[in-house]
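Presented below, as structure tokens, is a lone chain in the form predicted alone.
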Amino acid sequence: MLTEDQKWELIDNISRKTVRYGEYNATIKDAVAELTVKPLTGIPMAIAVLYGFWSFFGAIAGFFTDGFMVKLFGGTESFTGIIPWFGNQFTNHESILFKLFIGDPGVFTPGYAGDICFEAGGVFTTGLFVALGVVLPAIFAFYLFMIFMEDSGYLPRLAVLIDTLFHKIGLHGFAIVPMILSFGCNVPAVAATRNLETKKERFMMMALLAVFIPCGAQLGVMLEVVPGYVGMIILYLLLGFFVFGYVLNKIIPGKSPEMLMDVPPYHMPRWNNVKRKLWIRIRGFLKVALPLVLLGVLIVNVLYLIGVIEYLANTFEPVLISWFDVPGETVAPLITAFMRKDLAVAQLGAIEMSVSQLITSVVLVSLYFPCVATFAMILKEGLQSGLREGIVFLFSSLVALFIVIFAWGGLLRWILVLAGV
């Protein structure tokens, strides 16, 4: 066993043989790297990068959805789209199968489908269009930009820059990674919380991500349903993220350790790596999320046909109207949100509401219980510490969820009233 002095002597010997000393000549790349981690210059740069990300996201998602997918699914005067083709395979528009897979016969008309992509509500209409026509372009745009941030070396610097702010709510800067990932999909974001060091940090981050961060699928649908209010909704949700993060930090025992992170030099991303990462993440969406979207639509349609949705709407309508000022029809999207929140937001677009009611409803869907895939991942992470701790974790998450829904959702209603929206 080496003594302490012998260990340091060994370290010195290794250093003399391996470390090369010379004069350091700073480059422009080094200067930019230094500027991006200093708050005075780094924060404006971070705002510019995130604004560029949002502009890129909206432009690419909108271009593919409106310029290509709407025509592909809805058809044109000279082209029979995917949705009209599916509809024309059914001869009886009043049959149960038609209502399940195509949707409301009063909305669907043979030939050019027009705007029925959202409104019909069938597995092969709303389900396919939301998943492939709206969500897939949004996922593509998000992950493409995210991969460039990651491979260029900017993402670790953003974590260093944000560390001080996150410490105010009991987290450290590395929590920005699952937070940004959550804007693409909550499932990999929850998995990324494993890199946080304490149980307190992991619980807080999973709870806050599941409630306050809309995934890329939701964002894509929001841009279609409430395009003029997406920025305001995200700011309100982010404000809730930090407010309730501060509260959770005060009531949950434990401390947050200091962050130690390797910050690599800036470099140009390799296109082969970008393509491979992008394909892996899109393939994961197609394998996991697409079946869940279609299954969610099918289950909701079955609940409609047997009268469950109508019963729940009548039961919860007094609460929804008195506290949130939204119509009882929003019960159906809330049920759908357990399968896919993006589909729930799409369903809200087909309900007649005022602007303030629509904004409140979209926020409620975001605050509502996480989709089934995220829920399964959160439950899996909680059970890793044992059955008892997993149950406590789940119960605590439910309590926090209901408090957030009623407090933050109800507050928005009065904010909109005072603002005259």
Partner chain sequence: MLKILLMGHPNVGKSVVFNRLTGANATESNYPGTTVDYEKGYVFIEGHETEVLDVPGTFSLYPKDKAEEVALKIFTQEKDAVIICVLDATKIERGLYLVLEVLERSRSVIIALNMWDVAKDKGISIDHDHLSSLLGVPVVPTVAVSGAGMKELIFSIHEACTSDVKSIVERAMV
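Positions refer to the first chain, counted from 1. Just so it is clear, the structure is predicted and the values come from calculations on it, not from any experiment. For the two forms, the rigid core is made up of the largest set of C-alpha atoms that agree within 1.5 Å on superposition.
Same protein, other form: the form predicted in complex with its partner chain, not shown, and the subject of what follows.
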Within 4.5 Å of its partner chain in the model of the complex, heavy atom basis, the matching stretch of 315-323, 212-220, 244-252, 192-200 is 192-200
>> Does any part of residue 291 reach within 4.5 Å of its partner chain in the model of the complex? Heavy atoms only, please.
In response: no
Quiz item: residue 273: heavy atom within 4.5 Å of its partner chain in the model of the complex?
Solution: yes
Verify the contact flag for residue 280: yes if a non-hydrogen atom of it lies within 4.5 Å of a non-hydrogen atom of its partner chain in the model of the complex, no if not. yes
Is there a non-hydrogen atom of residue 350 within 4.5 angstroms of a non-hydrogen atom of its partner chain in the model of the complex? no
From 104, 329, 150, 163: within 4.5 Å of its partner chain in the model of the complex by heavy atoms is 150
As a check of understanding, the residue in 143, 73, 183, 174 with any heavy atom within 4.5 Å of its partner chain in the model of the complex should be identified as 174
Those residues of 3-22 with a non-hydrogen atom no more than 4.5 Å from its partner chain in the model of the complex are 4, 7, 8, 9, 10, 11, 13, 14, 15, 17, 18, 19, 20, 21, 22
query: Has the Cα of residue 414 moved 2 Å or more between this form and the one not shown, judged after a core fit?
result: no
